[in-house]
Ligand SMILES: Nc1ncnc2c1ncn2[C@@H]1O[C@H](COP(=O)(O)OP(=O)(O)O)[C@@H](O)[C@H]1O
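The chain below stands alone and is given in structure tokens; this is the form predicted on its own.
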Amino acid sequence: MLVTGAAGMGKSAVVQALYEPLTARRGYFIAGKFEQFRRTPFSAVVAAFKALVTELLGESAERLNRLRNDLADALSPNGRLITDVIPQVELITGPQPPVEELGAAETVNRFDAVFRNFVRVFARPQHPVVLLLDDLQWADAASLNLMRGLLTDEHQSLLLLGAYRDNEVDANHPLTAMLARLAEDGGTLPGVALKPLSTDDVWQLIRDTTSASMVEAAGLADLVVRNTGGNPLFVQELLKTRADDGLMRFDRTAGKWTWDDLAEIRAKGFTESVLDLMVARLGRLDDGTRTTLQAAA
């Protein structure tokens, strides 16, 4: 399934809602995110399964022994292809022998086939896997080809969710080409397109959040939508920043949020840039915290 929408529409949040019901049924929810300026092949898929294998290392000795046998059956004699990209697997399987040298095209095809076998070990009816690949607009061609192979594999209990900004994917984008090839193979992907919140949506959100009256919430909702275009991230941040500015206050006696003057809130303005939004948030931090964040980054 594909989940699309512009930045801030809540694509990741919608998909994350699957986590609790899936894990309650002994399934695995794993996620990887592609990066704009570091397009390492298979990076998001590898990151997702690294996290899964690391989690499974805490299982009982009996469970790990079964997993070791399953991996040996699925990967032999090419287990080294997996341990080279997910070293944690070697903690379960032990060291793997070198693989046969092949030409470039054959090497890619072999890796795709071995990785599908690797995924089958985990994606089974007794413990299905939901794999979220986020920011597909930045995915590399090799990852998209691997994704296509996973989507056409009928021998695994895998739900693959792809999230991306559809306003950054045009007819010439590699993702578009991959989806076209998938369609030629007879595969179709259902999609969920997230749209901006309506004024009624924001009105209800404000009422639920602030316990304001219908009239108070209506005036603020109209202002918020005009300033944010209904983008859920911006709606949330506008309300937060106005509370930080002291223009919205929590009345403990009344048990609700209050505000004095919409004109004062309107006069503050609001950015429609995610970058400006984050810079403004960082600007509110003290010098020590910003220095710590700079070192961590």
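Keep in mind that what you see is a predicted model, and the values were worked out from it rather than measured. Counting begins at 1, following the sequence as shown. Throughout, rigid core stands for the largest set of C-alpha atoms superposing within 1.5 Å between the two forms.
This next part talks about the form predicted in complex with the named molecule, which is not shown.
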Handout entry: Non-hydrogen atom contact Leu182 with the named molecule in the predicted bound form at 4.5 angstroms
Key = no
Exercise for the section: Report whether the minimum heavy atom distance between Leu233 and the named molecule in the predicted bound form is within 4.5 Å. Expected result: yes
Problem - in the predicted bound form, Leu205 touching the named molecule (heavy atom, 4.5 Å) - result: yes
Practice task
Give a yes or no for Leu220: in the predicted bound form, does one of its heavy atoms lie within 4.5 Å of a heavy atom belonging to the named molecule?
Solution key: no
Problem - Region of this chain that lies against the named molecule in the predicted bound form, out of 62-70, 233-241, 43-51, 246-254 [heavy atom, 4.5 Å] - result: 233-241
Exercise for the section: Scan 1-35 and write down, in order along the chain, each residue with a heavy atom lying within 4.5 Å of the named molecule in the predicted bound form. Expected result: Ala6, Ala7, Gly8, Met9, Gly10, Lys11, Ser12, Ala13
Problem - Core-aligned C-alpha movement of Thr107 between the shown form and the other one, 2 Å or more - result: no
Problem - Rigid core superposition, Ser157 Cα moves 2 angstroms or more between the shown form and the other one - result: no
Exercise for the section: Spell out whether the Cα of Asp208 moves at least 2 Å between the shown form and the other one when the two forms are superposed on their rigid core. Expected result: yes
